[in-house]
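Just the one chain here, laid out as structure tokens, in the form predicted alone.
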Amino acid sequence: MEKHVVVILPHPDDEAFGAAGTIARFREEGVPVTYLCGTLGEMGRNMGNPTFATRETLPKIRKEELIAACKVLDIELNMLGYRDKTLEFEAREEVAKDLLARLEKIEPSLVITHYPDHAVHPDHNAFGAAAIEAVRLMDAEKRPKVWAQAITNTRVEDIGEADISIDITPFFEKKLATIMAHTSQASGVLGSINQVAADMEEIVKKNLSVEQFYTWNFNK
């Protein structure tokens, strides 16, 4: 059983689509989970369907949605205040130092983040790399495991099959509720996943019922 899980992802909704079922399973086991969310996704293009946000109101809306999603999952939320779509330009060592300080306080047994270069979005790749660097800098005896999530279409060809595959069907309702808490993004993201199916619940069940991760090897 894990002692404490820390999720390090850059955007509001990354936790919902990528790891909400896994997080829900840990919470049911009584494991504390802390989400270190890098940005507020304030540069995103999804504004709701029908549209209800503007470029000016989006940061406040995304923040409120993120807080609501974390309440659904019953997890602690730390908003780190980085600017959306600029993480790739931040000095990795500085971001890693910031994350390292937070990890040393929490002392997690497991960190969940994105797999660098296999996470599609530049923010995902940059923040995942910084998170892994932060863990690498920790004392080896206190270093938590890292589960990295790869989502590129070439991931199996490039890095092989994921070694952790979690059927989150028992936690489907919690995952769907977490996704729907991100009201301004849910329909847009789900529509991009499946433009045929009209039922959001159907899309989530069909496409997001398994969450996969790669255990990061610090000796490679």
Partner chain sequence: MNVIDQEKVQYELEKFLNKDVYIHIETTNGAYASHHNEKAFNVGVFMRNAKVRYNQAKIVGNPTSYRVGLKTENGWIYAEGVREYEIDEEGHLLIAGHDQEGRLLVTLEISENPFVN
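Residue numbers count along the first chain shown, from 1. From a predicted model like this one, the values you see are computed outputs, not experimental measurements.
Unshown form predicted in complex with the partner chain; subsequent notes refer to it.
This chain is drawn without the partner chain; in the model of the complex, the residue among V31, I159, I166, M47 with a heavy atom within 4.5 Å of it is M47. In summary, the region of this chain contacting the partner chain in the model of the complex, judged by heavy atoms within 4.5 Å and restricted to 129-137, 99-107, 144-152, 70-78, corresponds to 144-152.
Proximity of E173 to the partner chain in the model of the complex falls outside the 4.5 Å heavy atom cutoff.
Of the heavy atoms in M43, some are within 4.5 Å of the partner chain in the model of the complex. In the model of the complex, none of the heavy atoms of R92 sits within 4.5 Å of a heavy atom of the partner chain. Residues of 123-142 placing a heavy atom within 4.5 Å of the partner chain in the model of the complex: H124 alone.
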